[in-house]
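Just the one chain here, laid out as structure tokens, in the form predicted alone.
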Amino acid sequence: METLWKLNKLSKKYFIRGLTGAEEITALDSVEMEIFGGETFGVIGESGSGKTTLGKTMIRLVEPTSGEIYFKGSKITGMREKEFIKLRRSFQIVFQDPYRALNPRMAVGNAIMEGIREGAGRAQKKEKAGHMLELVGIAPERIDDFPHQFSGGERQRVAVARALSTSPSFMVCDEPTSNLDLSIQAKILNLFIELKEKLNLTYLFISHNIKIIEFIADRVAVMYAGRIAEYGSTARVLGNPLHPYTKLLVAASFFKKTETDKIPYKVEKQGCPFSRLCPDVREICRKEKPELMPAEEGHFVACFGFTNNFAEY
């Protein structure tokens, strides 16, 4: 499989000034992973785990503090804006709240036309915008309607159409169904699957809901405190979890607690960030941060309690 994205020791830190001085917040901590072309790569974790920062940093909506990002073999960290702007159209993001993502004073057709390549006349752009709406299940006749005239599910479809207007090959989907009713969620998820097949898209699909990730993702990364605890095929990671945190997430989902916010969030700054809550904590866990190691082909886990019997991979 072709490697579309490769992240090498990707980190992002924020510095917040308060009354007691500056505080350093680590949103991403040495993240390493690969995303293959044509797959849906899921990212799961609770609020504050770094999921959204990961998606934004990958496409350089947020600049990383350190580390390297490769897209189609080209290093895009440190790339000059003149060069990077040529790549920027290749990736888009769909946010959690479509109403906030759309300009309430702009007709949806105009919002979609903003992304259509320069050179085309207004009539051509409007025709393509209508086609984009039709592609996501909205009648082209509604091209002059405003965001408030659409339901929540329809607004999310419009947001997807706008993202598709640049003809991207990669989309970050940042909890795109979390604000929708369950019946509408299913329709939007099916829309993403249909578009992926029609347009040969690759997704980074962010969620805190295990059931959604099980349904849509080919592979998944489990994040905790800005680090990847475990990643691999969705069937292996969620069907046979190896990291104590992943086990906790999966166990919680059986009790209908599919939202990871139900799980206590306590981060250790030294050693493994999950050590305070881990039932199998060891002395080394309190002192050092575990690195990802192969458990089996394509399945990686960052845990000192895991014995690696698959070093050949």
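The shown structure was predicted, so the numbers you read here are calculated from the model rather than taken from an experiment. All residue numbers refer to positions in the sequence shown, first residue = 1.
Another form exists, predicted in complex with a small molecule; not displayed. Remarks below refer to it.
The small molecule contact in the model of the complex: Ile25, any heavy atom under 4.5 Å: Answer yes; at least one heavy atom of Ile25 falls within 4.5 Å of the small molecule in the model of the complex.
Contact of Gly271 with the small molecule in the model of the complex (heavy atom, 4.5 Å): Gly271 lies outside the contact set for the small molecule.
Gly48: touches the small molecule in the model of the complex, heavy atom cutoff 4.5 angstroms: Contact check for Gly48: yes, within 4.5 Å of the small molecule in the model of the complex.
Proximity of Glu175 to the small molecule in the model of the complex, heavy atoms at 4.5 Å: Judged by the heavy-atom cut-off of 4.5 Å, Glu175 is in contact with the small molecule in the model of the complex.
Partner-contacting position among Thr246, Thr53, Ser275, Ser30 - heavy atom within 4.5 Å of the small molecule in the model of the complex: Flagged contact: Thr53.
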